[in-house]
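First, one chain by itself in structure tokens, the form predicted alone.
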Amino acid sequence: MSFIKIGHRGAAGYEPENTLRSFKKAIKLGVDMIELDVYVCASGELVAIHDDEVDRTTDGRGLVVKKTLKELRKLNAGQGQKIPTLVQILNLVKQKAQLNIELKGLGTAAPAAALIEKFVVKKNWLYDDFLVSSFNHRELVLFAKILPQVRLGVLISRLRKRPGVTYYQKKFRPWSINLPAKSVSKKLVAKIHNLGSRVLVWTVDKPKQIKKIKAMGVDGIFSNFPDRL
């Protein structure tokens, strides 16, 4: 794959983030990959939501992990949309785009691995249709032990000299290192490429910045407005 156009939380600049409506919009805009965030709710399902609380993105209040799917489904996630399960998202996407599943909550690695395996075995998805990433590197290590066939993306919020990218490369052997736009430079991109990983950059919406970061030789960009990529 050449340059990867990644829809951030679907197409969150146009539709309510992490909703089926947002994912549909991303597909319509021709993304290569859709990024989404998952937590395990109180009844055990993996649901797509970015925050550990429902307060910001819905008309409800409280922690995602304390609510059952039935309780979550009563909430309005914007424009009448409901918080979707990962199963619903997979059934919607149907390999029209790859999926970057970000493990947000604790205990997400095992159920995410089980669901991916199920869709590969029973629904003819490919392991390479998925990229699993996380800021929680313990969840990432656990996921890799359960399902090593799936590509890993190491998310780094702030890149310090120690530990540097070499440390992450040796520890995870990741398919990609996912960096914030403020941390990227042409020199760093070259270094990560030399280590054997790709560079994906989040979250870039302004055309001028997209152009600047593309020129650094990155492999993909996450954007709320993926058509701008």
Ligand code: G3P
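Just count from 1 along the sequence shown to find any residue number. Values in this document were obtained by computation on a predicted structure and should not be read as measured data.
Note that the form predicted together with this ligand isn't included here; everything after this is about it.
In summary, the region of this chain contacting this ligand in the model of the complex, judged by heavy atoms within 4.5 Å and restricted to 189-197, 59-67, 161-169, 32-40, corresponds to 32-40. When contacts are judged by a 4.5 Å heavy atom cut-off, residue 173 does not count as touching this ligand in the model of the complex.
In the model of the complex, this ligand stays beyond 4.5 Å of every heavy atom belonging to residue 28. Although the partner is absent here, residue 135 lies within 4.5 Å of this ligand in the model of the complex, judged by heavy atoms.
Proximity of residue 139 to this ligand in the model of the complex: non-hydrogen atoms within 4.5 Å are absent; the residue sits far from the partner.
A heavy atom within 4.5 Å of this ligand in the model of the complex is found for one listed residue only; from 147, 90, 152, 155, this is 155. For the stretch 8-23, the set of residues having any non-hydrogen atom within 4.5 angstroms of this ligand in the model of the complex comprises 8, 9, in sequence order.
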